[in-house]
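Okay, here we've got a single chain as structure tokens, the form predicted on its own, with questions on binding and movement later.
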């Protein structure tokens, strides 16, 4: 495996990230609202305060990059472990 191939795959994943995020816009908004609500003022975000919302977002991203999922026109078929 060549080093440039690793960088090519990484660049491709970063290039399609906005499309994946768009697929999970609702989950991202809910998580963002939770984080914002729990960090009002100078309060620090504490671990597990938004765990339910984070898990929903994580599941959405996982599903978005699954082998059954693909992004039209990107050539990305969701295979992340190659």
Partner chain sequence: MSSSVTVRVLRRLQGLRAGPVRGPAGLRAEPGRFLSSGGAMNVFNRDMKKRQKQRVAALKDGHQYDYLRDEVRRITAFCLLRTFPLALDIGGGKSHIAEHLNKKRCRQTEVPTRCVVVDEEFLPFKENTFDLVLSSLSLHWINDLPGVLRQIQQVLKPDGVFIGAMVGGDTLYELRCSLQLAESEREGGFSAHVSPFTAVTDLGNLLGGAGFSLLTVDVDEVQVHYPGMMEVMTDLQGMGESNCAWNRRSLLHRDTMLAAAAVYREMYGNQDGSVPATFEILYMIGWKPHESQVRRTVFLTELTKITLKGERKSRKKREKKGN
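None of these values were measured; they are calculated from a predicted model. Positions refer to the first chain, counted from 1.
Keep in mind that the form predicted together with its partner chain is not shown, yet the notes after this line are about it.
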Touches its partner chain in the predicted bound form: residue 58 (any heavy atom, 4.5 Å): yes
Taking heavy atoms only, is residue 9 within 4.5 angstroms of its partner chain in the predicted bound form? no
Within a 4.5 Å heavy atom cut-off, is residue 42 in contact with its partner chain in the predicted bound form? no
Any residue of 17-31 with a heavy atom within 4.5 Å of its partner chain in the predicted bound form counts; write them all down in order. 17, 18, 21, 28, 29, 31
